[in-house]
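Only one chain is included here, represented as structure tokens and corresponding to the form predicted on its own.
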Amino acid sequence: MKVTVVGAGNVGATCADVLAYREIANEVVLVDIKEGFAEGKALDIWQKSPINLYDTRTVGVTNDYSKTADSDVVVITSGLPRKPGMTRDDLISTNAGIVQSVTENIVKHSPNAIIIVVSNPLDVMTYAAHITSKLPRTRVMGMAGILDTARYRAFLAEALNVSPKDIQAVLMGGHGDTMVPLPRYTTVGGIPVTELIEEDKLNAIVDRTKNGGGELVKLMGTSAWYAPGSAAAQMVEAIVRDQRRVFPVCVKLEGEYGIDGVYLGVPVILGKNGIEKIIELQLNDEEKQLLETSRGHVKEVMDALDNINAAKA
């Protein structure tokens, strides 16, 4: 098995490190545009293999996609963070251009690959990769739900003073402050979370989850990388090992939840073919309204990309 990670920054390097450490693939290829950057990260990861006892070979290349040929799974983390003075449309235009170029190169050399997008703005970058790749929607997906769910579960574990291993949860919608946490589907060792924590405390945790990325940026001056990189690696593992794990994943909806043509996070079964099945939950009226709000926000950003592309044409 061969996995490529495009972008050797903090998120990409963390993802590659987790993939190697857990021996999820025989070979992990790191790609970056900065000369020597991916090569250095890959070499560093390989040099700790005798210490942490793993066999996965890590290889770094500078903008040479021929070395990624025949990858089974490709993780795209490329993109720039939003800088002072940069508008939302500037960020969308810049990162969409990067993601589209990367996707073209990936499909050229690995036409059978499954693509996982981590670049931000996540939902619209998944859209950009999907329309560029022309692959089935089951093979192009975005990583956000696993990260958001992990933050939610971590905060709950802290509040309840229990192991995060025992907490199961589902979040839906876009990646950001319109995400839709579902306390009704949150359990602790099989016990509904609503039986274990007061409503106001649970609501505060939900709000903290929605702003989880922003909290880290305020603390560090940059976005997170350990959790996002690990989340992407978990998706790769589910695919490579055909685990059929149930995860919230960003995918193009085609009628599910009454939504068509918008890329949103929903629970899916993830296996060797990518998205094996989209799971439709029976949402109540309040949850449906929250999902609709999230849909509207994501569609607005998708429309912005369409307008940018039309202006360039």
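What you see is a predicted model, and the numbers here were worked out from it, not measured in a lab. Numbering starts at 1 and runs along the sequence shown.
Not pictured, yet referred to below: the form predicted together with (2S)-2-hydroxybutanedioic acid.
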Worksheet item: Pick from 107, 193, 147, 206: which residue has any heavy atom within 4.5 angstroms of (2S)-2-hydroxybutanedioic acid in the predicted complex?
Response: 147
Discussion item. So (2S)-2-hydroxybutanedioic acid isn't shown here. In the predicted complex, which residue out of 223, 138, 101, 168 has a non-hydrogen atom within 4.5 Å of it?
Written reply: 223
Discussion item. At 4.5 Å between heavy atoms, is residue 197 in contact with (2S)-2-hydroxybutanedioic acid in the predicted complex?
Written reply: no
Fill in: Touches (2S)-2-hydroxybutanedioic acid in the predicted complex: residue 154 (any heavy atom, 4.5 Å)
no
Practice prompt. Tell me, yes or no, whether residue 213 is in contact with (2S)-2-hydroxybutanedioic acid in the predicted complex, where a contact means a heavy atom of each within 4.5 Å.
Written response: yes
Discussion item. In the predicted complex, is there a heavy atom of (2S)-2-hydroxybutanedioic acid that lies within 4.5 Å of any heavy atom of residue 88, even though the partner is absent here?
Written reply: yes
Item to complete: Have a look at 234 to 242, 124 to 132, 158 to 166, 215 to 223 and name the one stretch with heavy atoms inside 4.5 Å of (2S)-2-hydroxybutanedioic acid in the predicted complex.
Response: 215 to 223
Worksheet item: For this chain shown on its own, do 120, 175 and 228 all sit within 4.5 Å of (2S)-2-hydroxybutanedioic acid in the predicted complex, going by heavy atoms?
Response: yes
